[in-house]
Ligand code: TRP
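A single chain comes next, written as structure tokens; it is the form predicted alone.
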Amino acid sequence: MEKPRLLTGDTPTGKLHLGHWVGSVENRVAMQKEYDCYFILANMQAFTTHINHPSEVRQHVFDVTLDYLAAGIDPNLSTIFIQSEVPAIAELTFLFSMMVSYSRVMRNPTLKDEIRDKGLGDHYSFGFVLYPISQIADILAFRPDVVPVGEDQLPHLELATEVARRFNILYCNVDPHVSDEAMTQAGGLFPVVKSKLGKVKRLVGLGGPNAQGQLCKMSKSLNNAIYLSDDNDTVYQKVMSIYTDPQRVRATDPGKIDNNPLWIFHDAFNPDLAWIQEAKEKYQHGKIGDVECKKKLAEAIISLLQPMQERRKQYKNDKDSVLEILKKGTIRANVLAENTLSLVKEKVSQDYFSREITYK
């Protein structure tokens, strides 16, 4: 029997961090044997914020690929590929852009949050507004059954399901009353994909709250992240800098557990549940200090990253091997995406010629 298909990926704007791990990458590694996995490096979407730095985008493609391999993505089980080398995605983006109104795109809360957080005001490119449509094409080109995502990507996935439904009804003559689960059985081309959230929906960063009093999520741009590629000393230093209860001046002062990054991180990364429970009790009664708790956390994170460091060594100085993995993955991705595009063109009566993509 064929495996169910999985599609997800990252925009290569920097190295992956612990927020990516608990948000999606951990699930990807765990699901490789059960699913036919496709992982996209959305380098064209990186140009929405890095248009003036193309060489950085190129380097980040390799950085993220290395993070994938270090994290445990097996190129013998999974397909890692580059978005710009799969032309069907761009063609589907153009078609799908006709199926979503501008006002619907601008209601996307993730898009609005990015405009606000990056201080763009009205100074953003049309490509920035278009990238949610590009993400629809990223997904539907591979007709996956499941998409592991972080919580902030759910609005993009919702748009993809809307387009899948509309296409199936408009061009495949599927009854509008058919359930999402029965779309393909009823003749629809696109499945209405399901999301798979990580165990931590939105990991906080190392720093304190923002001007609105809210803890910021872990982010490259906010410089509040622990990266999967950080060495032990760097991890230790970053953990020791984590923001904790600001009202707790001395180790003997009672401390708050709720909304405290120290304990959010322990819950996410420390497998010693008995220690966490006991330490939380002590913390609330002023019987354990922040330093001791941070040291324990550093040990847990270093232990998590240790196997990744070992796998990273296999590829770090062998860029040709990484490039070959990307080439093989991109060739395989094109086979599936071209098949989808061919079926789409047939459904919309624009199937004039056949084509074959080759790489040298």
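Note that residue numbering follows the sequence shown and begins at 1. Remember, predicted model here, so these are calculated numbers, not experimental data.
Heads up, the form predicted together with tryptophan (TRP) isn't pictured, but that's what we're talking about next.
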*According to a 4.5 angstroms non-hydrogen atom cut-off, is residue 330 in contact with tryptophan (TRP) in the predicted bound form?*
no
*Is the gap between residue 9 and tryptophan (TRP) in the predicted bound form 4.5 Å or less for some heavy atom pair?*
yes
*Is there a heavy atom of residue 141 no more than 4.5 Å from a heavy atom of tryptophan (TRP) in the predicted bound form?*
no
*Is residue 37 close to tryptophan (TRP) in the predicted bound form, meaning a heavy atom pair under 4.5 Å apart or at it?*
no
*With tryptophan (TRP) left out of view, choose which of 147, 242, 183, 203 has a non-hydrogen atom within 4.5 angstroms of it in the predicted bound form.*
147
*Identify, from the list 93, 84, 153, 78, the residue with a heavy atom within 4.5 Å of tryptophan (TRP) in the predicted bound form.*
153
*Candidate stretches 37-45, 58-66, 290-298, 303-311 - the one whose heavy atoms come within 4.5 Å of tryptophan (TRP) in the predicted bound form*: 37-45
